[in-house]
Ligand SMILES: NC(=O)c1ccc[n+]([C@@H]2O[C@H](COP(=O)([O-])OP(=O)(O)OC[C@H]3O[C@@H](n4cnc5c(N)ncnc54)[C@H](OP(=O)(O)O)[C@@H]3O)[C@@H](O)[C@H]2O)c1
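Have a look below at one chain only, the form predicted alone, in structure tokens format.
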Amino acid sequence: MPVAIITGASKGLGRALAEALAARGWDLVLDARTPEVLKDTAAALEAYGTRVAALPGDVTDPWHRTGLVTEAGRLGGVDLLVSNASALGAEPLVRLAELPLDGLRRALEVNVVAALGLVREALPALRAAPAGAVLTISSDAAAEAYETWGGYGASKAALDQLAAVLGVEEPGLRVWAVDPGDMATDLYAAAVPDDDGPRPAPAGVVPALLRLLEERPASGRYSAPALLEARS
């Protein structure tokens, strides 16, 4: 069975993707910072008959990243690496003039440095996989100038560039950066707590991600809404 590592997998888009892969027979290595929530998620996914290794921890910890890849090796390798764990840099978001530099450093460490660190750990297994792929979750804030989203957007723009270069340097892999579009997630609620407008559930984005896995288009940056529209 193929094996996926998914960071930030206890809820939101990470959990929704994990559930879809479990239903399709994938084995999973899951990461999140809250042990209790991650444990509940793993138990729910095991009901599909899949093997699940759930490792609570912080992706900025190199030993934790090594542990994720080691667990994947025990399950058979790494076919898919999903960098979904994210940090905002400030909660709620603030203008750049007020953005704590430590917050920006945290966003860069989680969203960029840790993502690259995990790729480096997993590269030998990804290269050995029949169809190795890396999926990074981006944001429209990486490409658009939204007030208060500067620090987070800058970190996601950096992640996009890393993914683009990785796709060139590793032609045997597929490397996709995906802007998931608007979603109702805890991350968005923490970013803009006063915005209580209705937003789509993360599960609605998953068919776009599955399309990438099924059709394996060229490495590059994709928009989930565009992938969904093209399929309809």
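The shown structure was predicted, so the numbers you read here are calculated from the model rather than taken from an experiment. Position 1 is the first residue in the sequence shown; the rest follow in order.
What comes next is about the form predicted in complex with the named molecule, which does not appear here.
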- Any of the heavy atoms of residue 2 lying within 4.5 Å of the named molecule in the predicted bound form? no
- Is there a heavy atom of residue 185 lying 4.5 Å or less from a heavy atom of the named molecule in the predicted bound form? yes
- Message: Within 4.5 Å, heavy atoms only: does residue 180 come near the named molecule in the predicted bound form?
- Response: yes
- Task: Report whether the minimum heavy atom distance between residue 62 and the named molecule in the predicted bound form is within 4.5 Å.
- Result: no
- Which of 148-156, 94-102, 122-130, 70-78 lines the interface with the named molecule in the predicted bound form (heavy atom within 4.5 Å): 148-156
- Task: Can you tell me which bits of 121-141 touch the named molecule in the predicted bound form, meaning any heavy atom within 4.5 Å?
- Result: 137, 138, 139
